[in-house]
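Next up is one chain by itself, shown in structure tokens, the form predicted alone.
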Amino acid sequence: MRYAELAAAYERLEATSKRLEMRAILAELFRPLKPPELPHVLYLSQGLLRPEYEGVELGVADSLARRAVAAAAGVDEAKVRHRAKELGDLGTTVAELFAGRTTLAAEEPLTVARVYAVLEEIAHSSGEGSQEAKVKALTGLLGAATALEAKYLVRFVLGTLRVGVREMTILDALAEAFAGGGKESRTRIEAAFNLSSDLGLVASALVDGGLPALDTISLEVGRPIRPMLAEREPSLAEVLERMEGKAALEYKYDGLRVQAHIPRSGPVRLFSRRLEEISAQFPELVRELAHAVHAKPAIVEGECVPIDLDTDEIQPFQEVSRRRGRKHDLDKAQEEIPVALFLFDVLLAGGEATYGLDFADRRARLEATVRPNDRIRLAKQEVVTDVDAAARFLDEAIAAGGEGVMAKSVGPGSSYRAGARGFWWIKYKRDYTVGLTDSIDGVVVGGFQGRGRRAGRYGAFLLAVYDAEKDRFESFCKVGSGFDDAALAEMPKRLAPFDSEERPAGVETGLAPDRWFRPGLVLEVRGAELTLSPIHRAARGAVRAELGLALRFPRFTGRYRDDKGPTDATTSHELFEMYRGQVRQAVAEAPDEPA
């Protein structure tokens, strides 16, 4: 495939926000492709070179990209810098500089294979002279590119592709291109992806062997599985009713969810909820897991929480968040912010897949697989059959430093459902029963210029929740409260990678912020209650036609959810369920005033 065909598809994708149209464009693009070209196109369309969990990065900063553009265009770098600042996009800048240009006569047209190979070369270039090597390689690609090709090449290397393609839409397109597009085929393709977290692997199996080939994809140590997620209920009575009178309650630890992969031999690898490898940040867990887990190879899940070594008490989440992303002084970090990993599930033990077992059987396998120590422990659990016992366990969990309980079904069919959210697991906090004091994880999609003391910087931010069925982000509040001066100063730096000149594809709102941001940064907010709104689009029409849900009196808690990607944020469905669960408001009740 010529790279020009891929760039043309990107141009069409960028021009639409309609999911059905995007799916059709992608299906048309994928249909004639075979491995290894198809996986390459899938990764490139996500802005990746390899599956996200592999963490392959190009390492090309804006300054290096500008140098390559200037060299390929034959202009002064200062001119490139000035024009990029005016346009707000180096990709648009290079397209303008290359306007009317065709590839040089001495050059063969760019192919996807050539582009991918050079990008891999750039990614793997390291050590002395690597920066110059990256610039030279990128300059060579741009020298053979048309204006349109150059636009998307530059955007790719800077991580700002801007075509609005996410995993769920790609899965839809794969089903349409290679499996007839039906619901059953789509479900099977998604299930294979949830087990492998690798779109290229899934697509290759589908093309080579059809839907039956997907059944051969299973767990592999070093390749993370997409985590199972929980629903909410407003009372312990409703939790037990949902689980037919019997549930396994566990402490709900307020920490970082960790998936640990322990091979038969070799290093242990840790992955976050968003499948980012975090092994280097927690070397003590890597070391202790190798000793604590004896049925290898194994994959176990748990919650990493900060602890006080003197009292053995759990510390606030903000403490462990200081370990995230840390690359230096790791020995010092282990001493200053010690952590323990509380394991709650096992997906692979002794090389045998266990995720298909009912939960009670998985818990038994977990207990047989792990020898707990000070750093590696088992989540505290109790099976309850009445509300009084559940309430006592909740009190115990909170007293021990937890934020509530996780209720897990022990009934038939309670297998681990990778990537799925359902009532097999329910999270419950005491404050669910008093108004709306549960937190919401919202994605920043816009910024509003501040006034008064906040003049000259952002004073508030537009937040959205994720609608998984429609694969889009829907606004639910504008939040300015809760940000101190330090947080306001930090927000532009955190948001810089997601800056956008126009509303990103897949963002739905009735507000027009001063600046748009592509979904990326997740913040935790709280508010007084959820109400109906003609402006916001979250769960629009679920309660009343043309009205969405909005959070009244939102306030930033100070917690950046770096452990969550944008599609891991609170969903529109969750927001609707929280609305229904409000004590003072029934589903059909209209608010006093729209937000």
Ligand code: ATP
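A residue's number is simply how far along the shown sequence it sits, counting from 1. What you see is a predicted model; the values in this text were computed from it and never measured.
Separately, the form predicted together with this ligand exists; it is not shown, and the next lines address it.
Is it the case that Glu220, even though its partner is missing from this view, gets within 4.5 Å of this ligand in the predicted complex, heavy atoms only?
Looking in the predicted complex, residue contacts with this ligand do not include Glu220, since no heavy atom lies within 4.5 Å.
Check: Even though this ligand is not shown here, does Met406 get within 4.5 Å of it in the predicted complex, heavy atoms only?
Finding: Yes, Met406 lies within 4.5 Å of this ligand in the predicted complex.
Quick one: is Trp425 in contact with this ligand in the predicted complex, heavy atoms, 4.5 Å cut-off? Within the cut-off, so yes.
Next on the checklist: Please tell me whether any heavy atom belonging to Ala379 falls inside 4.5 Å of a heavy atom of this ligand, as the geometry stands in the predicted complex.
Outcome noted: Heavy-atom contact with this ligand at 4.5 Å: present for Ala379.
Note to self: Would all three of Arg166, Arg274 and Asp562 be in contact with this ligand in the predicted complex, where contact means some heavy atom lies within 4.5 Å?
What the structure shows: Not a single listed residue reaches this ligand in the predicted complex, so no.
ask   = With this ligand left out of view, which of Glu190, Glu303, Glu176, Asp467 would have a heavy atom within 4.5 Å of it in the predicted complex?
value = Contact check passes for Glu303.
Interface residue in the predicted complex among Tyr152, Phe473, Tyr251, Phe461, criterion: non-hydrogen atom within 4.5 angstroms of this ligand: After the contact test, the surviving option is Tyr251.
**Report entry** Contact stretch among 223-231, 141-149, 346-354, 201-209 - heavy atom within 4.5 Å of this ligand in the predicted complex
**Finding:** This holds for exactly one stretch, 223-231.
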